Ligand code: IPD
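Read the single chain below, which is given as structure tokens and is the form predicted alone.
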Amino acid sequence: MSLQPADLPELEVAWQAAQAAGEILMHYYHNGVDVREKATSDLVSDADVEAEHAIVERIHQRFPGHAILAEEGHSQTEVAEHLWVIDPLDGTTNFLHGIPHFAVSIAYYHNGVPQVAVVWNPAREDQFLAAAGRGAWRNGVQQHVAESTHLNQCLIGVGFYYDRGRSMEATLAAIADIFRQQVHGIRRFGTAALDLCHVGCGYYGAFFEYQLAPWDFGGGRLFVEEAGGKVTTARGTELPFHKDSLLASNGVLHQAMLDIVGHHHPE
């Protein structure tokens, strides 16, 4: 049987909140939005902020004592027993340029361990659900990581942090070495939550980025793991609950990728 939002109360709330946020995003997507810069090429809009408020409101209606860690204003510095990790709009740059590749990402963690996750692309009506021990599901169909055993059998996904200095140079150097492994290609679509889900769906053999925040990987991480894959930092260490690098793979390719992305890891 497929995983349904109603199967778990946290998953049900996450899905309802993601839908509400998605409606807000699509309103702005079709009607335009004011944009502000947090830093160079790091953009925020009214859509992000309003969508986040809608998500937090629905979570707190059902779980008033739960903590929130979110990108646009709700901050939890320590891992709480019950913690929701939210990105109301992952892929803001795509969104603002009219590219229908962006997502709402919501994950619920209990004592620092992900329990449920929803990643929702409202422009494509593409739903990704995961729950601990219950698998990873895309639009009602269970997903599994790629069966590739060598890098020359797959595509690799990559993300670029907003920094245009050492992080960018390290990423480009790693890409060059990955190409030398005769991979089928490199893809950079600009939405880490969806990139991670695409590892879980088997489209990529692996995905890496040298700087991601917990809200960037909160939902996609569980999707990869429940699809049979592996997620660590790009150094191979356990993923922490703060900004760090990330490597997700089908598991089999993890060490081969670590040999490359770990070597070029920016300090």
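The first residue of the sequence shown is number 1, and the count goes up from there. The structure presented is a predicted model; accordingly, all values stated were derived computationally and were not measured.
In what follows, reference is made to the form predicted together with this ligand, a form of this protein that is not presented.
Check your understanding: Among Thr171, Gln143, Asn121, Thr92, which has any heavy atom within 4.5 Å of this ligand in the predicted complex?
Key -> It is Thr92.
**Study point:** Heavy atom within 4.5 Å of this ligand in the predicted complex - residue from Arg180, Arg188, Arg164, His150
**Key:** None of the other options qualify; the answer is Arg188.
Review point. Within a 4.5 Å heavy atom cut-off, is Val231 in contact with this ligand in the predicted complex?
Key: Contact with this ligand, no.
Review point. Does the 4.5 Å heavy atom contact test between Leu69 and this ligand in the predicted complex come out positive?
Key: It does not: once this ligand is placed as it appears in the predicted complex, Leu69 has no heavy atom within 4.5 Å of it.
Practice item. Report whether the minimum heavy atom distance between Gly159 and this ligand in the predicted complex is within 4.5 Å. Key: Contact with this ligand, yes.
Review point. Heavy atoms within 4.5 Å of this ligand in the predicted complex: does Glu226 have any?
Key: Close contact is absent here: in the predicted complex, Glu226 is far from this ligand, nothing within 4.5 Å, heavy atoms only.
Exercise for review: With this ligand left out here, work out from 172-180, 84-92, 113-121, 133-141 which stretch has heavy atoms within 4.5 Å of it in the predicted complex.
Suggested key: In short, 84-92.
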